[in-house]
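Just one chain follows, in the form predicted alone, and it is written as structure tokens.
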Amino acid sequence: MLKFNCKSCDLSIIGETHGLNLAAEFDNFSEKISSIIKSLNQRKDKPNEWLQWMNLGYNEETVWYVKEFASMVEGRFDNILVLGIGGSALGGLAVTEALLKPYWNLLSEEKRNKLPRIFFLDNIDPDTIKGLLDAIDLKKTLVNVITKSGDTAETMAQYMILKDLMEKELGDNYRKNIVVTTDKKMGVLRQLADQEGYKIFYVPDDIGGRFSVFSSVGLVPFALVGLDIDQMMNGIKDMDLELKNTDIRQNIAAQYALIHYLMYQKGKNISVMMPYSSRLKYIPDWYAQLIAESLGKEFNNNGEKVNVGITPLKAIGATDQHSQIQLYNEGPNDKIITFIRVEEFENTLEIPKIFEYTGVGYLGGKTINDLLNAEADSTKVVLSDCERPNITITIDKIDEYNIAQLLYMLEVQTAIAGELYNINTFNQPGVEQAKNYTYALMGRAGFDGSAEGLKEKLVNV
């Protein structure tokens, strides 16, 4: 299980001005947290609560269908190309970067065990799209188009480009090179997939994109590159059991949510996530969307204007000790830092005993692992000395079980935090208006009326 250390948020370590009396606060919020955990678990099976993601670890039917499809296409493709944006791509990118061998796409077919390379087109930068299309053979590429709504402008534009190119190169056979992940009943992509005869996977109802990583949104690409999705499900189920505990002292998701909530009241409105592993470098990107879209809200559930939300920030250890830590130690004390540590790395690299007559000779005989751990320990202590609150989450090792546990815990803590702020965790009105403006500028039917006014605004902004 995950190890959770929040001692460096306690006033006994970082002082009363910036620290919390954790024991007292856990007592103060004990009933509130218990009520929230009970409520979330009672509501998760009800429609329109947007909590179906809490059941994904138990969705054996989807896992079976995904594994069957992966088995059917095994050996047919050199590349998997995922078209998606936001929650349709960030989770997949974070998990595959963590669990596949480093530099996976550069490895030979033998070193990849004859499994395909995987690419994510999660933006609409024309140079990036063209560059990738020039680098891969579409005839040997399986394209996974992911959009729950079925009309996400960015993803559908990418799909339209790919569909046109693949039809020209493969003829009618291009349909075998496309798999769709979308809503079961609605959306343009759902209709097109039926017409074209694509293989379709469905995103369950009442699951938002940022909570969809363990639905078919993530499971399809994971299975296609050989990841063990059964072990992911085991990790989620075990973590879910732990997080059903209504005692905050035994529930790390509740502790994590409450500490951030209380630190926000003390002016800590920036949350830094800093993994000490390059393989985990995209976990903060996934988490950034999770808390930004979930917790950044103008109004609370009572209709009161509150403008709440903690700002996510990404760092990587030890790299960003040489770029950001100066700010964290001596700049505004407005941050809470979360370190993610790995207990057991897959490899151990020894530093040779050379240059012993120089100032770097002390490194000889140690390991790179020792150095990375020493840097992480030192950074944690220095931040604590400077009265900067920090938390450490440690996973046993980087594998399917542990990564699934980590991400699921962060999802649950986000849901708990939303209840503490008394906001709607699962809507995103601040995103929708920008989408509507884009539709107007691109000439989508039904948005004509706002196009002229929008063009006038653009002159002045």
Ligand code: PA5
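As the structure is a prediction and not an experimental result, all values here were calculated from the model. Just count from 1 along the sequence shown to find any residue number.
A second form of this protein, the form predicted together with the named molecule, is not displayed here; the remarks below concern that form.
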_Option from 83 to 91, 363 to 371, 247 to 255, 128 to 136 whose residues, in the model of the complex, bring a heavy atom within 4.5 Å of the named molecule_ = 83 to 91
*Spell out, yes or no, whether the shortest heavy atom distance between D122 and the named molecule in the model of the complex is within 4.5 Å.*
no
*Answer yes if any heavy atom of S271 is within 4.5 Å of a heavy atom of the named molecule in the model of the complex; otherwise answer no.*
no
*Would P275 count as touching the named molecule in the model of the complex under a 4.5 Å heavy atom rule?*
no
*Contact test in the model of the complex: S215 vs the named molecule, heavy atoms, 4.5 Å*: no
*Any chance all of T62, N144 and K199 sit within 4.5 Å of the named molecule in the model of the complex, going by non-hydrogen atoms?*
no
*One residue of K67, R43, K397, K435 in contact with the named molecule, assessed in the model of the complex (non-hydrogen atom, 4.5 angstroms)*: K435
*Only one of R210, H260, K380, R388 has a non-hydrogen atom within 4.5 angstroms of the named molecule in the model of the complex; which is it?*
R210
*Since the partner is left out here, which residues of 280 to 299 would have a heavy atom within 4.5 Å of the named molecule in the model of the complex?*
Q289, E293
